[in-house]
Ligand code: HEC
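To begin, one chain is listed below as structure tokens, in the form predicted on its own.
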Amino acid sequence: MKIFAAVILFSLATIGFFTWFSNFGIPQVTPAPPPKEEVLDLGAMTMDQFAALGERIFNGRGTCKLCHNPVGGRAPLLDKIGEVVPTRLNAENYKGKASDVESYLYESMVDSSAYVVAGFGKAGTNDTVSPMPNVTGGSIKLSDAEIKSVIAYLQKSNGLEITVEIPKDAEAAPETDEAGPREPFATVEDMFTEFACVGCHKLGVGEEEGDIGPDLRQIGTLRDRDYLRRSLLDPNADIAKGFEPDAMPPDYGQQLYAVELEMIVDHLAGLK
């Protein structure tokens, strides 16, 4: 009886310790709020300011530079669009409705499979499907005005005439000091959608999935939980063979709650 009582007391003490540690011993991490839409005072903007906004989006929230750069070779370079766009519009495999540089660039950001540059399509599609996500969805969520500002930046940086007009009827985003804490994601699938994970990885959750990053459909048989967690928190710590560094955003540790991070780790560990 004494042994039984001792076991019960030890079990209760152990449970109590882990309950205390999980609530007070582990630092409470509040993720950074998602990127806020640029505060746009469109009525007061000059075209130079509009193009400068597009440059900030291109290099930052739009994540364009992660793929459109000369190092990784994951997407076509955009330094000669004035030369290549007319050729692409007349190509046999062009499936879009654009008629000039401006409309082509807009179309390429919302329907990237309308034209796929040779060698840059998803594997197995014979360059008929682009891995680039629609920039109006996922974690990017650019507004119509923001897309047009990126076009203005690309036209200006290529030495072309800026043909876009600054939208005057778009409402400016409300100016706030700081976004409040968001509600936690309910499912792993919600997180995959929000952060556009399938734009780069195969995860077995849909038909159109990317191949810019490693195929994760059986990652649970290849890597342990510590590796998976480290890959999310510090994606450059271990680069999979055949892939380039700096392809994955490095701030998921700030964007995710601890419980959300563990949900993803659990899911990936179970992909066998």
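The term rigid core refers to the maximal set of C-alpha atoms that superpose within 1.5 Å between the two forms. All residue numbers refer to positions in the sequence shown, first residue = 1. Just so we're clear, the structure is a prediction, and the values are computed from it rather than from any experiment.
Note that the form predicted in complex with heme C isn't included here; everything after this is about it.
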task = Verify the flagged residues G62, I212 and I264 against heme C in the model of the complex: is each one within 4.5 Å by a non-hydrogen atom?
result = yes
key: is_contact(V150, heme C) in the model of the complex, heavy atom dist at most 4.5 Å   = yes
query = Do I239 and heme C come within 4.5 Å of each other in the model of the complex, heavy atoms counted?
reply = yes
inquiry  = When the contact criterion is heavy atoms within 4.5 Å, does L154 count as touching heme C in the model of the complex?
reply    = yes
inquiry  = Taking heme C as it sits in the model of the complex, is P133 near enough to touch it, meaning that at least one heavy atom pair lies within 4.5 angstroms?
reply    = yes
remark   = in the model of the complex, the residue from A123, V84, A91, L160 with a non-hydrogen atom within 4.5 Å of heme C is V84
query = Is any part of 190-205 within 4.5 angstroms of heme C in the model of the complex by a non-hydrogen atom, and which residues would that be?
reply = F192, F195, A196, C197, C200, H201
Core fit, then A52 C-alpha moves 2 Å or more between the shown form and the other one = no
key: Large Cα shift (2 Å or above) at T193 between the shown form and the other one, core-fitted   = yes
Direction of Cα pair change S112-N236 in the model of the complex, magnitude 3 angstroms or more = farther
